[in-house]
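A single chain, nothing else alongside it, follows as structure tokens in the form predicted on its own.
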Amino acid sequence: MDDLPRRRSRPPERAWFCSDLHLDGGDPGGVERACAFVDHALAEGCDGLFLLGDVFKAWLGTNSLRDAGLAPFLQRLAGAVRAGVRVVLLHGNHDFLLGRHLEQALGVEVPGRSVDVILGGRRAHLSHGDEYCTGDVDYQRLHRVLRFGPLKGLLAGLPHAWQVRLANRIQGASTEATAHKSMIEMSIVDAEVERRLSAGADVAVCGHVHSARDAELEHGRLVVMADFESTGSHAVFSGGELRLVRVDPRWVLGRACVVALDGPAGSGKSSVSRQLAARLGFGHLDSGALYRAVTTAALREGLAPDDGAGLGELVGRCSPSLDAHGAVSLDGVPVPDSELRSEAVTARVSRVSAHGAVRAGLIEVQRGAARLGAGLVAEGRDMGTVVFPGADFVFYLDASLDVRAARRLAQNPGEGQDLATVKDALAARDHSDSGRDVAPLRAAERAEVVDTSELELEHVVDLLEQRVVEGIRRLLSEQRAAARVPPGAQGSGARQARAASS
């Protein structure tokens, strides 16, 4: 391709990164998800696509790509190159035999174990990441041998049947060995990353360990993507910023994911839900802000908080709405947070939100927030019971009244209230919310109850993030089990199709 040197030297303005797709022609769902990811990246104006190893289960090198089931993805990559996108495939531990054939057939780059790119003026070192896992001595020894040039040439020249037999033995031995190793032994050693960063890179981007991480080290930044195969994790560089997306259910489950978070005032819902949404890359819904917006509109119009009919009609008239970041507007005009959180609104919002007409008028506004991105963390008092009864994950946060009162007082130290007054107000709010006829505050039957009384905020967010990521992996596993291709369904003729040169 005539413009290949120029494309390689041009710093990308909008680049997408992922790792550990583990594509296999016998898993059409996985290939379809990978194709959708590439399509989305192109639709977003991507000019650089960097696949950081273990893209394929390709122990046989090029022969592994002759499976017709992989053809759609290979064609996507060739199409991206034709569209002017720089496409780079790095070697992982499953596909380290891939090389020149792919470059010639598809126009992609296969530079080997690593490549450096400039992202917004900063040097990023891209690699699969296994070279940082020096604590796994047996793994490092095996792959030094397998990547030895003369041996790679020998493997490539073996008869196909011998290649298959050898690949199966290596993969089986690797799987068995991994099962007996600790996560610490197989994890990234930060000192190895620091060594790379101190040699001239500003940021190291990799995968391999199947666990997402974004950390500032002494000499620069480390961005680790979880495996795309089961989490949809990836990274995006746009607007001069590199952003890690820890999990993206759209590429795994084929739809957005909803996390419902309920609980009484002071249980930590707001802080936890915001941080959890930021970590996961999901949208955030503070349902209480919508009720506060309606209460704000009622105050502006002089409506009493007990006028259920008038308030129900007001909801339709003032058109409350949410944007992708959870900001609330009335008639398209953003409502200042100072007004939403004012004492006058706080004193009335519980009574306003108790009316069935108000809640019914806001339910579709809330559900619409789940269609704005990869997922939604929705917090309130009836998210798991009424608004999102089919939510993928439902949590109920609670804490003792004393702890909740102390938190509320710490959040609003300038209000001049003492602990006893705040405690009485919360108790009254609890009684009102749990005793109302419409959508009372309670834990959904399938909710996981988390008592936050003795837990730090970071601990709670860590716990919920772990539950969501593990849950998405479990849902994917169930999907695959239901749609598994029967053994032998991929005929030998299909496996001989020369998909890589399509």
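Sequential numbering from 1, following the sequence displayed. These numbers come from a predicted model, not from an experiment.
One more form of this protein, predicted together with a small molecule, exists but is not displayed; see below.
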| item | value |
| --- | --- |
| Listed range touching the small molecule, judged in the predicted bound form by heavy atoms within 4.5 Å, from 382 to 390, 103 to 111, 89 to 97, 369 to 377 | 382 to 390 |
| Contacting member of 404, 284, 359, 234, with respect to the small molecule in the predicted bound form [4.5 Å, heavy atom] | 359 |
| Listed residue that, although the small molecule is not shown, lies within 4.5 Å of it in the predicted bound form (heavy atoms), from 250, 341, 122, 195 | 341 |
| Residue 275 within 4.5 Å of the small molecule in the predicted bound form, heavy atoms | no |
| Contact flag, residue 436 vs the small molecule in the predicted bound form, heavy atom cut 4.5 Å | yes |
| Partner proximity in the predicted bound form: residue 291 to the small molecule, non-hydrogen atom cutoff 4.5 Å | yes |
| Contact of residue 230 with the small molecule in the predicted bound form (heavy atom, 4.5 Å) | no |
